[in-house]
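Have a look below at one chain only, the form predicted alone, in structure tokens format.
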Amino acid sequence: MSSVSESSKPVPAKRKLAAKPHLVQDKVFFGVARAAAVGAVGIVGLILAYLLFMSWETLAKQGFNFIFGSQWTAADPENMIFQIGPMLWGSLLIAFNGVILAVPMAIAAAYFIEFLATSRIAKIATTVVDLLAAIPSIVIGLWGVGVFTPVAAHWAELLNQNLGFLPLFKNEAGSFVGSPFIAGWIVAVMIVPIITSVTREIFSQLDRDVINAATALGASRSSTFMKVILPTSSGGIVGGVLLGLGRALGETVAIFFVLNLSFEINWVDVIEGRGGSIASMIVAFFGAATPEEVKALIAAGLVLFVITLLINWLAAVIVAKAQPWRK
């Protein structure tokens, strides 16, 4: 009888969690965090507005040729031509070279830290990777021009000797320094920590039971990685790669030291000693630029800024979709 009466009792309504903070400490923390987020978005918006305001005159005069043209003439005040086609293509070429070189190293480092190394070695490796991300660009640039350039030029020469029949590795000038190939390696060194950190975070969120089950069924480490780990984490890895690509596009000083700037478009000849980079061009020209040329350089920065924003936004979307449990 008592059991019947107990079962007939009404079920209490489901409690709802507070949507807003109710403690004073929580309200303060919530306000500071929201102000920081809104402030960051506001700063980005102000930077974009300033760049657009300063470069509007140049964009109006040059039109679409500003992006796709191949001339830069500031000597004649009556006929100034500002076009960044070779620099824009060079920035993309160097960035993609860097990503192609960095992705295998980053994935291998993340896999070693998460699945192969002991906890002590993993902590040391993680610290080393994080320290690599903290090295200033100018230090990497000086290392690149003083130490790495002769080594990479030798690699480029070997590629030309053995694979010179391919358009990618042709070199008619005979000089192998100052090429997008060397600049791509420098960029790769700088973006490996970013891609490694994101990939390591994705690997740490994987269900270890699935990995252990694959191993128990007789799968080797390589097959488990290729058929279980990599497909499951591919979305997050792509997001990390795009974040690294955004960093590579905006790299300035390190590329300035190791790349020969040229307003002749270098389509795919990565080991030729000529190339382009918007960020490095701005550094090279800004000191002696006329007022009109300064506006053109700011317009070039605006183009690079917009491209970088789009890539970072795409990376954030991909990473969010790859980790739905965080919503």
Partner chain sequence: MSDLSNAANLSTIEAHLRSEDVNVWFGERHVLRDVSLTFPVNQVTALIGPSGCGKSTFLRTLNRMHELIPSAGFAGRILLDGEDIYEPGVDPTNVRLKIGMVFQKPNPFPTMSIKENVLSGLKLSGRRGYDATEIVETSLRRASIWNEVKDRLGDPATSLSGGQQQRLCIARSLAMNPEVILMDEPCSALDPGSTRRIEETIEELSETMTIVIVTHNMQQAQRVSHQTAFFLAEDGNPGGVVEFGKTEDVFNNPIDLRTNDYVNGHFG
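Keep in mind it's a predicted model, so treat the numbers as computed, not measured. Numbering follows the first chain given and starts at 1.
In what follows, reference is made to the form predicted together with its partner chain, a form of this protein that is not presented.
- With the partner removed from view, the residue among 213, 158, 74, 124 that has a non-hydrogen atom within 4.5 Å of its partner chain in the predicted bound form turns out to be 213.
- Think of it this way: in the predicted bound form, its partner chain has a heavy atom of just one of 146, 174, 218, 104 within 4.5 Å, and the residue is 218.
- Look at 182-190, 81-89, 128-136, 201-209: in the predicted bound form, residues with non-hydrogen atoms within 4.5 angstroms of its partner chain sit in 201-209.
- For residue 228, a non-hydrogen atom is located within 4.5 Å of its partner chain in the predicted bound form, even though that partner is not displayed.
- Using a 4.5 Å cutoff between non-hydrogen atoms, residue 197 does not count as a contact of its partner chain in the predicted bound form.
- Using a 4.5 angstroms threshold between heavy atoms, residue 224 counts as touching its partner chain in the predicted bound form.
- Interface residue remark: residue 252 is not counted as part of the site for its partner chain in the predicted bound form, having no heavy atom within 4.5 Å.
- Contacts with its partner chain in the predicted bound form, taken as any heavy atom within 4.5 Å, map to no residue of 273-308.
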